[in-house]
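We begin with a single chain expressed as structure tokens, specifically the form predicted alone.
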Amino acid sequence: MVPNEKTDVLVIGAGPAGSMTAKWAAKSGSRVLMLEKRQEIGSPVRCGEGMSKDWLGEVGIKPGRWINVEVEGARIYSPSEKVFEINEKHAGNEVGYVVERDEFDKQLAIDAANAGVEVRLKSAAVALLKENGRIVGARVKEFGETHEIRAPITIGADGFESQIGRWAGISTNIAMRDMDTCLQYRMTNVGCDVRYCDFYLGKVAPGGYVWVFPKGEGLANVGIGVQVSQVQNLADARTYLDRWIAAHPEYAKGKKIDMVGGGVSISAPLKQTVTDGLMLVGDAARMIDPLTGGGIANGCIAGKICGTVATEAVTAGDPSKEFLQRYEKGWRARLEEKLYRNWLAKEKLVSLSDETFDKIIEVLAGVKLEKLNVHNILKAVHTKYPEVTKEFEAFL
């Protein structure tokens, strides 16, 4: 029988947000134990593998061998395939590097371990421990045996399907319109341009987009995200993606060598991410960008704040919900306005016709915007097609 254990900070989930939280908690002086239910960190990959790069220094990540390609920018295609080119600085949190996601996740876990974190694989939380209404750790199953790990601070970093939040009594409900179902092939012998990440909008991907992220010459991730509420069943994502590939000769000639699928939240962030003794971070806290579906940067940025506050709470001997508001306020000050604004924009964009998308991309392709954001895009479109922006008056 495995004996019960104690630690200062227990992190459940070893994705980017979990590793970043664990690393910063350890760097701040806590004893940290990080659990991963799978036997290998980073696998299976469920990600388009594109990310921006301007945030890496903020959280202490150094570029490494996990980078496949550094792109110049993005190309956004309208339904009639008018194209708008944008440099990587303004292209959003999916563009900058195309990476080997499993290698990236492993590197973040290595960084956490080097900071003093104990990492355990094939260790699954099966319940939270509660005393007097406060979370005091978790019941964990490791190699067939169950035992308790007690900690004043527990972190739920267990991804989009997070159970930790639900077990803690935090509302993590999500509407069908706030979920995408995604499918991606890795394809070889394709005619991708390694300078750009490409995005295709409109009815080719209802409520979402098709993406092409180059992994090297002739090699690319070709994927799709479609809004769950706009398709009959989850398998429709494959139908739409196969149809798009067949219509594009430079990809129709390619060969599929890998396939991944899964769900992504495109919701507003949770209204509550802390309770007594517990914090949620990353995808578990719905920190994914609702416009792009990208969550790596946001999860890591929030993870640094989360880990730092975790140690502050341990040091103060105060794991109360009130003390943990430091994290709630910190990550919201850094991320919430953009997340909420992009969720509102997503709510409008999913209702647009292909004709409207064509008009928007046509305008953007013909103007120079010093700073690319939702507000400036709408102002530019408004000058030529004021009827298009009528639905977006709140943003203007």
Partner chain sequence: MRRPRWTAEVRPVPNKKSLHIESSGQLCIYCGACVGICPLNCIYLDETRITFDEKVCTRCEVCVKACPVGAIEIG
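Residue numbers count along the first chain shown, from 1. Because the structure is predicted, anything quoted here is derived from the model rather than measured.
There is another form of this protein, the form predicted together with the partner chain, and it is not shown here; the text below is about that form.
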The one option of 190, 297, 305, 237 with any heavy atom within 4.5 Å of the partner chain in the predicted complex is 237
What is the one choice in 253, 120, 166, 256 with a heavy atom within 4.5 Å of the partner chain in the predicted complex?
166
Is there a heavy atom of residue 46 no more than 4.5 Å from a heavy atom of the partner chain in the predicted complex?
yes
Partner proximity in the predicted complex: residue 206 to the partner chain, non-hydrogen atom cutoff 4.5 Å:
no
Heavy atom to heavy atom, is residue 246 within 4.5 Å of the partner chain in the predicted complex?
no
Contact flag, residue 351 vs the partner chain in the predicted complex, heavy atom cut 4.5 Å:
no
I have 127, 183 and 261 flagged as a candidate spot, so tell me whether each of them has a non-hydrogen atom within 4.5 Å of the partner chain in the predicted complex.
yes
Looking at heavy atoms inside 4.5 Å, which stretch does the partner chain contact in the predicted complex, given the options 262 to 270, 312 to 320, 77 to 85, 208 to 216?
262 to 270
Going by heavy atoms, what in 24 to 52 lies within 4.5 angstroms of the partner chain in the predicted complex?
37, 38, 39, 46
Closer or farther: how do the CA atoms of residue 235 and residue 37 lie in the predicted complex, compared with the form shown, if the change is at least 3 Å?
farther
